[in-house]
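Form predicted alone, single chain, as structure tokens, below.
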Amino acid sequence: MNKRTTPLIVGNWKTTPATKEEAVKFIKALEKKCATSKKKLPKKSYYLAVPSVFIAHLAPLAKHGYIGAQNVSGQSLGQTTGGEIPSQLSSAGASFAIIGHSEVRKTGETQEARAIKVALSLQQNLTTIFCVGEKTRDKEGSYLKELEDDIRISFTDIPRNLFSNLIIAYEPVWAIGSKTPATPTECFEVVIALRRAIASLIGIDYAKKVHILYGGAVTKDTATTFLEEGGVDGLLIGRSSQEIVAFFDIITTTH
């Protein structure tokens, strides 16, 4: 199979680095690599979800990429302590936000809370990356229905015109950090199921256009395989995005 579109390479810094100075140094070095790359890269070559306190400092530096948030608050403007709402993140320079990451779900985030976050993020015109993935995989294929139901419930109240700013990231929880990571074939069958769920909400033509990413222990050696055989439009990368050389290698390998 061939890549459908220019791949979206999304990094997730999680709780790194330790200081603003380190974060700025990383982006400046990455930008220099993008600007001087021998391989012709897209005008915007990467997405990086960073700790929210760094967004305002990094967004102006990212000429070849987008800086985003790792989560959003599902609260409205008002008297709630803690968490940043989409409009605040956007005004700080965030171009996108990740919602529903498996590590956030582990904290007890409910499906209802995710649905609210998705709606608020899209209404603020933030590109919204919604994560979905099964904890375990059964031989009967029940996990596919679980994933489809998650999509339908989370997106039921989203207006059709907002789907253009929506990206789905498939991250099989059982494969993250595992000695037996997911295969492109296993990824591809999930991609079909996810598009089927989206089609049930907005129609097949729209469903075909929604970008789907794969996230789960991706390296430069496996990145292209998932893009070509896994049916995805890009990658959501954790650990490798925290290292300049590893992240840039994935960017250049996939474009």
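Note that the coordinates shown come from a computational prediction; the quantities given were computed from them, not determined experimentally. The first residue of the shown sequence is 1; numbering continues from there.
In what follows, reference is made to the form predicted together with a small molecule, a form of this protein that is not presented.
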Problem - Heavy atom within 4.5 Å of the small molecule in the predicted bound form - the one residue of 177, 82, 159, 141 that qualifies - result: 177
Problem - Among 184-192, 52-60, 211-219, 35-43, the region lying within 4.5 Å of the small molecule in the predicted bound form by heavy atom distance - result: 211-219
Exercise for the section: Please run the contact check for residue 236 against the small molecule in the predicted bound form: heavy atoms, 4.5 angstroms, yes or no? Expected result: yes
Handout entry: Contact test in the predicted bound form: residue 25 vs the small molecule, heavy atoms, 4.5 Å
Key = no
Handout entry: Contact test in the predicted bound form: residue 14 vs the small molecule, heavy atoms, 4.5 Å
Key = yes
Practice task
Report whether the minimum heavy atom distance between residue 171 and the small molecule in the predicted bound form is within 4.5 Å.
Solution key: yes
